[in-house]
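Next comes just one chain, in structure tokens: the form predicted alone.
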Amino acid sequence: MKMANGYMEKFLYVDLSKRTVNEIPVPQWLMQRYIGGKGFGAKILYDLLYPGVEPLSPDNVLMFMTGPLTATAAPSMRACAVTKSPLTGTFLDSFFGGHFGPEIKYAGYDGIIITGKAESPVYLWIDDNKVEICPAGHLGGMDALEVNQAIKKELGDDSVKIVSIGPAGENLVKYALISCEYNRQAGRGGAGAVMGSKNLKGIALRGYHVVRVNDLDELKKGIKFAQNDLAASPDVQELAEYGTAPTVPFASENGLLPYKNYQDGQYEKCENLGNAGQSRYLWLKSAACMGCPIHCSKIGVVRTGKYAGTTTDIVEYESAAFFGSNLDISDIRAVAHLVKLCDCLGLDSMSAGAAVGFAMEACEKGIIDSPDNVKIDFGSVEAADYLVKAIAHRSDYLGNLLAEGVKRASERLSERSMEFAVHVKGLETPAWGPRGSTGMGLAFMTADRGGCHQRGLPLGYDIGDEKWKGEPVDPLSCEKKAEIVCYLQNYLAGTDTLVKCDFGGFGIQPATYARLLSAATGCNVEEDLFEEVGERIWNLTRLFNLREGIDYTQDRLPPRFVNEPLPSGPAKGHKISEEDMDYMRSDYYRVRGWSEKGEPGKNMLEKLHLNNENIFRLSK
């Protein structure tokens, strides 16, 4: 008999090559040591894949994982896609909100594990305990949102929850995303291309199971604590009112905003892209993921100008930066159009905006030529529109080149272009210039999926009011950054097992998360559990990446941040030198207890139960 512990206690395992569907029990040790979400995904990926698996081969695994609080009323409603990234070759976890994650639990599963490749395009139809592999040839070429509508119409139920890919996923663009309903995406690292490589156009879910927790009354009390934590957080309250839009002028003020492919960190027209411009030209009302009390989304429509009639969510900070200041485009209406185009075609707007910015600079420097029908130049919306479509469809030489990502594109062009290819381990870096925050630089260098801010965001210490062990932090110093980044990486990895909302994590305290998890599972959880589990996961993903040939030599920043000082802003003249990187990297390995080459040793593996643990091997 299934326990009332927040888990459904089984995975759905689908082999598309064999067209087989199985239910697999979730081992008790997996729940205890890895909790859910990122933890489940990291362990299963490590155990299922043999070294050197090509990310776009049938042998790669694509997973959708939930946590023990998913589909309850707790503010932990998200889920994650986990696979080996075709963009970087690293471990990849990509988190998404909306309604698909909870529906996995309602359908009776803690996660969906997919391997193999269908002979022709298909979609999965998971209707409670009934699973079908349905033909999807008629969905080929449709954009991600059209696929959503078409499957719902075919199934005769608008309430079905769907993930889908667009043309970018079908064409194996290395940073294709998975669209999770209409305005949520598993965006980074190319999970959509993995889905496309499996001839899997979509997954439809409908479920009626009840998620039972150990102590419902205690869970309700914990939810009250969480709501109080959120209400007491000024950061969360700002997110509730404006989403991430105010971050655009904030980043520019502090010299962190990408301008013209990170040639600078400030943009004089930044207000046009922030909450002032978005509220004027786009927003109509607030919206939220299932059960979320923050309501950070802003449903809207472009009301004037060339792109009038374009429906839009909030243009999140990263997207506003990459298709706005990064390309020297200040009209938020045009930026909203470009981001919506990425969503429909199935492109990660961060990597796509970075690739377009790279192409514009390469044209500016005479390394590549513009096509006959459009001039590729900073400030040109028409050029950005052209390139986004060319990338998604791989329709010409330039689109095909940029579809491989900035790293591969620069390697194929020239050594000169590699000097302004802004990526870490192949993942285009986020819209946070590390020359104004050395902590961000170290976070980018060491993140387990390549250049990423969501695995550790030390900005609160570097340029905010947070103190480390009671002391203020110098944003341009290399001191203390290893301790801060390791702590953040461990804690965030630990709470990403729940699976929490990133924004909720700005307010909800560790003790509250522990209380929620205790109520759901019946285990007596202390708040330091998340750091302990997070450290285990972080070492495991490091082992995965080392196994795949990602070693310490790649724990570094791109040349732009190392060789070129910031030309303006509060950190004017600053760069992160080779010596700075050497110091922070060495200090980081020391704090982690790794070798000088960044390898976890025997003592660390024993401490974290990573060497003698049961191997969760579902198949050879």
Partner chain sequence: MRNITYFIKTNFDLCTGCSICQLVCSERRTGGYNPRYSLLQIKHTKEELVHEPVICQHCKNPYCLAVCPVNAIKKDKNTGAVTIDSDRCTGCGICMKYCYLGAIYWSQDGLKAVKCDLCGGDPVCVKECPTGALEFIMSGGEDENG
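Positions refer to the first chain, counted from 1. Worth saying up front: this structure is predicted, and the values here are computed from it rather than measured.
A second form of this protein, the form predicted in complex with the partner chain, is not displayed here; the remarks below concern that form.
Counting only heavy atoms and a 4.5 Å cutoff, which of 496-504, 68-76, 430-438, 366-374 contacts the partner chain in the predicted complex? Contact-bearing stretch, as computed: 68-76.
Work out which of Tyr487, Trp468, Tyr182, Phe250 lies within 4.5 Å of the partner chain in the predicted complex, going by heavy atoms. Only one listed residue qualifies here, and that residue is Tyr182.
Using a 4.5 Å cut on heavy atoms, which of Cys134, Val131, Ala288, Ala511 is close to the partner chain in the predicted complex? Exactly one residue meets the criterion: Ala288.
I'd like to know if Gly274 sits close to the partner chain in the predicted complex, meaning any non-hydrogen atom pair within 4.5 angstroms. No, Gly274 stays farther than 4.5 Å from the partner chain in the predicted complex.
Look up in the predicted complex whether Gly207 has a non-hydrogen atom within 4.5 angstroms of the partner chain, and give yes or no. Gly207 belongs to the contact set for the partner chain.
Partner contact for Lys153 in the predicted complex: the partner chain, 4.5 angstroms, heavy atom: Judged by the heavy-atom cut-off of 4.5 Å, Lys153 is well away from the partner chain in the predicted complex.
Examine His99 and determine whether its closest non-hydrogen atom to the partner chain in the predicted complex is within 4.5 angstroms. Although the partner chain is absent here, His99 would touch it in the predicted complex, with heavy atoms inside 4.5 Å.
Lys260, Glu318 and Pro570 each touching the partner chain in the predicted complex (heavy atom, 4.5 Å): Judged in the predicted complex, none of Lys260, Glu318 and Pro570 sits within 4.5 Å of the partner chain.
Contacts with the partner chain in the predicted complex - residues in 243-276 whose heavy atoms fall within 4.5 Å: Going through 243-276 in order - heavy atoms within 4.5 Å of the partner chain in the predicted complex - there are no hits.
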